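A single chain comes next, written as structure tokens; it is the form predicted on its own.
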């Protein structure tokens, strides 16, 4: 009889070739874990090559999940369990595995040829190099093929199901249910029922192997987390962005138009939004990035909520049209899912290096609002905020997500429809001024005294014809103007409009009130910073924490917050872009940057060490 041991948390990494189905395996394990009520965080890691040679290090794909019975903030610094489908997966991930960790390894792939491919002179399963780990050699492919011998599938298709065998085994090890995965497989292979049933059989075979194999004498349970009451679902950052865009259309009563060109890691937003036509969402996969943003801006001119999505290289191409949107003073939501650059860079790896581009990457004085979500679930809320600002102030708004947030997942509490903000818009429908002759006229650039937004007149509204374009406009009339005084006035007015955007105050987490060091982050550093600060406080260290979701304009109280602390540490996955802005905007602040650009998120351990060093050195 198996022993059941209870854990409070565990970090598991599935790793194999990009064709081994590791992302699907991880997704299904995550879905079942979410269903059990654990808090969780995931880190998918894709190879940059579309299909690297099988069995090579560049082709390794992995999926890490951290789940627990309490609130967690990161996908875990080190996996405690590694599922390695081949020698390349073992070699690429072994250095990350916790000492004494568990390895489940597919022995079928440990042939002389495959070992040589990745530089192994000897078989690590036999040379003693893995003695510090608990190694479970399992012939995953052979066992899967044997389990499917009576099914009407080819040997090749049977062998492809080995990831389901691995999923079944790990599901048994950590007491995860499999019924939802069985339903998923039947739906996925609805047109190929033999394939569906073969995968389900492999899944069950893996579960049964764990139940009966003497090597797996212990299975583990992780109780549900104590989350606030409500209905939860597992959600990725890109899905949350797409749902936030959809909800913005519902909350505003406007049709949503997405103009996009496929690009990693933003493409899933386009894919998800294309499913929601019933909510008034129109998606267009344009021929290029410039056409995509042009179509979105045109949709805004026509009275829709125009949205365009991309990553760094695409945002660079869109910059001229974003500048046009600044001049036209029309709402436009731009989503930049950042990735490692420059140029093509590392398309599947994460980075935070587009902040300065978002702030200043347009010709002329062309300020826009800039926001950044802090986690996958926060992407939903940040999109509602982006829409609020774009519609209220008639301006482009850029949302800076990144690959870590986009592909990562966590539980998300579904909001009530009644809790959505009112984003309704009043279009201009009548004249708004009187000329010198006493006749009513329409001034397309007559501004709201509070927001400085101009009227939004939908083309075709009787009597409200007006000139539009990129050439500088006269204040009020919108007529072409080359007058120096008018240009200076319009530039300053557009800047004042962005500076006047209402955003919430910056919240500070400083429980003792006597901390000398503040850790200030933005974007996806929220989780690692939170985990590091939590670890330091458990050691008795006083340290404060704050996180910027609004980067332009920053919250009104930012300066007052910063001046309370002797040092402000700013961890960023770039070479110090927020630190640069803080030093320029708040010159009296002692800003200490902690910067890495490895294509990977920070670990909480490295941030803990870095913050301890800053505190120790005073």
Partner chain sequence: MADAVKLDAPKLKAKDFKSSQEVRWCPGCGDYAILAAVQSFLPELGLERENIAFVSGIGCSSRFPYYLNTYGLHSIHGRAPAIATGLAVSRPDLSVWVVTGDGDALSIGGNHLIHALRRNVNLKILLFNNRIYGLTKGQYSPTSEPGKLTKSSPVGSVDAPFNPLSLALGSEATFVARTLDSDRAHLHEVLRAAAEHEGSAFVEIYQNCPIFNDGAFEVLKNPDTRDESLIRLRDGEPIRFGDKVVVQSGYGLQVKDAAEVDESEVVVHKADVDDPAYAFALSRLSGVALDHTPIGVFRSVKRPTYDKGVRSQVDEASAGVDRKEALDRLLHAGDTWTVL
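As the structure is a prediction and not an experimental result, all values here were calculated from the model. Positions refer to the first chain, counted from 1.
There is another form of this protein, the form predicted together with its partner chain, and it is not shown here; the text below is about that form.
- The closest heavy atom approach of residue 504 to its partner chain in the model of the complex falls outside 4.5 Å.
- Heavy atoms of residue 583 never reach within 4.5 Å of its partner chain in the model of the complex, leaving it off the interface.
- Although the partner is absent here, residue 393 sits far enough away that none of its heavy atoms falls within 4.5 Å of its partner chain in the model of the complex.
- In the model of the complex, its partner chain sits within 4.5 Å of a heavy atom belonging to residue 34.
- Only one of 459, 177, 262, 500 lies close to its partner chain in the model of the complex, with a heavy atom inside 4.5 Å, and it is 459.
- Of the residues 414, 425, 213, 535, just one reaches its partner chain in the model of the complex with a heavy atom at 4.5 Å or closer; this is 414.
- Partner proximity in the model of the complex, defined as non-hydrogen atoms within 4.5 angstroms of its partner chain, places exactly one of 102-110, 516-524, 200-208, 243-251 at the interface: 243-251.
- Residues of 273-295 lying near its partner chain in the model of the complex, listed in sequence order, are 276, 277, 278, 279, 280, 281, 282, 284, 285, 286, 287, 288, 290, 291, 294, 295, the criterion being any heavy atom within 4.5 Å.
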